[in-house]
Structure formats: C-alpha cells, structure tokens
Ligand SMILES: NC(=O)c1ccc[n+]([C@@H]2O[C@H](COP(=O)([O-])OP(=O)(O)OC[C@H]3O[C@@H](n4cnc5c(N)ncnc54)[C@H](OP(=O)(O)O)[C@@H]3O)[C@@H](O)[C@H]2O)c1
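Only one chain is given next, in structure tokens, and it is the form predicted alone.
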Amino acid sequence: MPTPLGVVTGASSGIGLELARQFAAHDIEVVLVAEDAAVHTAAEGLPRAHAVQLDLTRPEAVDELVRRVVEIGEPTALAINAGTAIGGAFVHDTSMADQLAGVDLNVRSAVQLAKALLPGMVDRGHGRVLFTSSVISVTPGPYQAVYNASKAFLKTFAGAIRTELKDTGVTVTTLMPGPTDTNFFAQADMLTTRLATSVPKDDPAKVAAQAFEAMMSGRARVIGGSPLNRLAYLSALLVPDRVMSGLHTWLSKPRPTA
C-alpha cells in the first residue's frame, strides 16, 4: 500500500506548520507549501517532508503546486490553510493590490486547489480535506473586511462540497479557530488593535491537533482552541450584525501608537 500523502498550505509557521507536524507524527508523508523561504527550514525538521515555496496568489503557482504534488504521489489528505489579512479601513487605509491579493490567496487559490486535487480523491474513493475558516466567518469585519468575508466564503464552500461528496469516501472538514498565537497580527498590520493586544490567544499546536483529529475522523466542523471560541461563535449567530460590527470595530480598529 502506498505511503499516505498529505498537503498543507500556509505551512511555514502557525497553524499550518503545526498541521504538518501532525501529519508527520502520524507517519504521513507531507508536502509543506508557503511563499516564504522558512518553509524549507520547517520541512527539514520533519521526516518524509517536502518543501514547496510558491506564491499561491498566482494561478500558475497553484498549477505548479498540483504538478509537484502529483509527482510525489497521490494525496490522501489536503489541508487548505493558507490565508492572509489586511488590517485597516477598506476605503482609505489599504491598497487595492493588497486586498485583491487577499482574495486570490484566501478564496481563489482554495477553489483552484480543491478543484484540481479532489477529483482524484473521489476517483480513488478516499480522502480527507480541511479548510481553515474562522469563528469570525459569521461576523461582518470592519477594519479587516475582506478577511472576514473570505472566511465566510470558505465556511459555506466547504459545507457545500461536503454535502456533494457524501458517500464518496471523501470528507470535508471546516476548521474554525479563534485568535491564535501566530504572526497573523504582525503580517496584517494589526499590532495596535485590541484584538492583538488584549484578547487571549490559543496555542497553534493545540488548534492543529484538534483540526487533525477532526479531519481524520471525517467530522464536518471543529471550533479550534479554547471553549470560549465556541461561545463567541454561537453568540455571533444570535446577535444582530449591527451589534457584532460594532464589537468588531472596537477590537480591530487600529489605535494610535504612543
């Protein structure tokens, strides 16, 4: 029987790196994908790991990733985890290029990669797929508007595919973490926000372990991290959007530095 093969995008740090470590710890050969050179260092520390440095905001890079994965083997597990956020007011504080790059990475590359690799899993009658969404997927996101919207897309997209693939042997799991102790806030230019400075952060290793177990068990959804994240998610479903938008503004609006 061929060695199981997993693919993790956004795998140079944070939840993605911890997911790759979960694969390796469970004797699954793993392809780590990220745009930065740190992905090579990440892969060096894992057995049977392959580093692929590509910028998935470009459609041709996703095609290249698919080609390299197929050269290695037939993937049995796919964690579509790569994502980026752009903090700041949409109209005046962020560039069109940055916002569209966020759409390309968070949304378009996820669709493209799933469309390319899921048919093979279905044909073989087995596969495990994970999409990293967020507990904020049900909340309007002032000062990170595109990010929240992209996570809402991934939540509904993953749920739809899961239903379509019922009884095929391929399952789709949605990971919904809360604030996590990664470099997310620095990359998003959100270090002055209350969300970055005042809200407790979950351990990415814990979130990844929860996600891996849920994915391999074929569960539909896992709210990762602290039980408070489940409470936050359920509250957001019940509270009107105008109230949640106000709360999100308080948490995510950049504050002047001293």
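Please read these numbers as outputs of a predicted model, since none were measured by experiment. Residue numbers run from 1 along the displayed sequence.
We do not show the form predicted together with the named molecule, though everything after this point is about it.
4.5 Å heavy atom contact, P75 and the named molecule in the predicted bound form: Contact with the named molecule, no.
E35 within 4.5 Å of the named molecule in the predicted bound form, heavy atoms: Output for E35 is yes: heavy atoms within 4.5 Å of the named molecule.
The named molecule contact in the predicted bound form: D55, any heavy atom under 4.5 Å: Yes.
Non-hydrogen atom contact Y143 with the named molecule in the predicted bound form at 4.5 angstroms: Contact with the named molecule, no.
In the predicted bound form, segment of 91-99, 117-125, 159-167, 181-189 with a heavy atom within 4.5 Å of the named molecule: Partner-contacting stretch among the options: 181-189.
In the predicted bound form: members of 4-37 within 4.5 Å of the named molecule, any heavy atom: Heavy-atom contacts within 4.5 Å come from G10, A11, S12, S13, G14, I15, G16, A34, E35, D36.
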